[in-house]
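Next up is one chain by itself, shown in structure tokens, the form predicted on its own.
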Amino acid sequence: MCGRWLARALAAAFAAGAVAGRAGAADVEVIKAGAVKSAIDLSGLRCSGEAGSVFQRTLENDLRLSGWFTIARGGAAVAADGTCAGGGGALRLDCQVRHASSGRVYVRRSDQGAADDARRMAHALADEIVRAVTGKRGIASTRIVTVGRRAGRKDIYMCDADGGNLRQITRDGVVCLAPSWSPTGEFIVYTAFLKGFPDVYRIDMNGFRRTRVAGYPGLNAGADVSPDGRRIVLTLSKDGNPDLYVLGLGGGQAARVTRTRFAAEASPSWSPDGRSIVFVSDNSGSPQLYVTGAGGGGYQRITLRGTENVAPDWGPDGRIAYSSRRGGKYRVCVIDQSGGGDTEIAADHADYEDPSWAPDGRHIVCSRTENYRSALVMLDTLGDSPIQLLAVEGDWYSPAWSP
């Protein structure tokens, strides 16, 4: 799947018979409009050994990717000093981060672990620096799940927020799509054709145990976990038409949310407060975004530009990211329901699809497709350039950023 509207893709599978019957306190440097960064000097943090080198590289990259820092040597507003020593299979960190001119200490941190913990330790320090200096949440310790196609086989993979530490979660080699995290990061739900037709499965991230959570006759697809972690909203066709339903993860009846006789609904995403759902419907003749209450009732169209608007993700600050077809290409756009219309975040000669918000409410991960090859890229809503993640062989789709 290349990020096209979920209902359309799965309808094609039906037709083919696949589912028959189923603000910083430090001095700042303005880099460009909207992106304000602090310079940080890490040269006083002396790292030794192979694990220490991994730690240093990871920390520098994490701080750059945060969007809040540039790396400098001397003359920086923020400075770090201390040691990170690796050897004998272990790694020991002792450091402090301070305001260079006032001497105010932002962070004092001591940590130790195995040499293999170098990346984890760097991620943790980077997030602590971001929080202490800027008051913003860091994203270095978060993860991304994605669908990967390698050697013709599709499976679920997971990586760190910087694209490193890639791990394969499933080994089924079947069509799978639309992973979604629980609000605590304890599990994901996703759609897979394990038995030749689309069902929704849950994977617990501690041990990767998998259970089926929706297997009604017909279509079960595109599940998103509610903010309280107790329910999913998904597309079901068990009553004839692809509509949205809410289903408790502990069992019980599926409650119908939408009722359209001649349209299909797909790609639902919960609002942060759990009271509303944004979704895609072709009720107007083309796929557009609508919002409805979690208990059903009326719904309102929220997209007016673009020939198609699909794959919405409701972000932590209330903005909705989605993919909009404009000028023959898919663009990642952000709409603020409180006013101000929509904003294009990514627009060039490639297709940008399946956006997913980072928990900092600033960054978005999505797939970028060019010449029939798809890669993951990180977008910055404050204007930094897109950054490609997962520079490894394969095609990568449907990313989802962890809480």
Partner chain sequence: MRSDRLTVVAIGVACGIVLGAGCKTKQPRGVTQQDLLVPEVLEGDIALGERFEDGVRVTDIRVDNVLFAYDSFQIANAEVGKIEQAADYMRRNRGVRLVTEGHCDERGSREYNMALGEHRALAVRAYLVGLGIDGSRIQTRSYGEETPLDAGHGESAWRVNRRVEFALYK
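Positions refer to the first chain, counted from 1. Keep in mind the model is a prediction, meaning the values are calculated, not measured.
There is another form of this protein, the form predicted in complex with its partner chain, and it is not shown here; the text below is about that form.
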query: Candidate spot Phe193, Asn220 and Ser267, all three touching its partner chain in the predicted bound form (heavy atom, 4.5 Å); finding: yes
query: Residue (of Asp239, Glu186, Asp116, Asp228) lying close to its partner chain in the predicted bound form, criterion heavy atoms within 4.5 Å; finding: Asp239
query: One residue of Leu91, Ala122, Val280, Ile139 in contact with its partner chain, assessed in the predicted bound form (non-hydrogen atom, 4.5 angstroms); finding: Val280
query: 4.5 Å heavy atom contact, Gly215 to its partner chain in the predicted bound form; finding: yes
query: Partner proximity in the predicted bound form: Asp199 to its partner chain, non-hydrogen atom cutoff 4.5 Å; finding: yes
query: is_contact(Arg171, its partner chain) in the predicted bound form, heavy atom dist at most 4.5 Å; finding: no
query: Partner proximity in the predicted bound form: Gly148 to its partner chain, non-hydrogen atom cutoff 4.5 Å; finding: no
query: Contact stretch among 202 to 210, 302 to 310, 71 to 79, 92 to 100 - heavy atom within 4.5 Å of its partner chain in the predicted bound form; finding: 302 to 310
query: Those residues of 173 to 193 which, in the predicted bound form, come within 4.5 Å of its partner chain by heavy atom; finding: Val175, Leu177, Ala178, Phe193
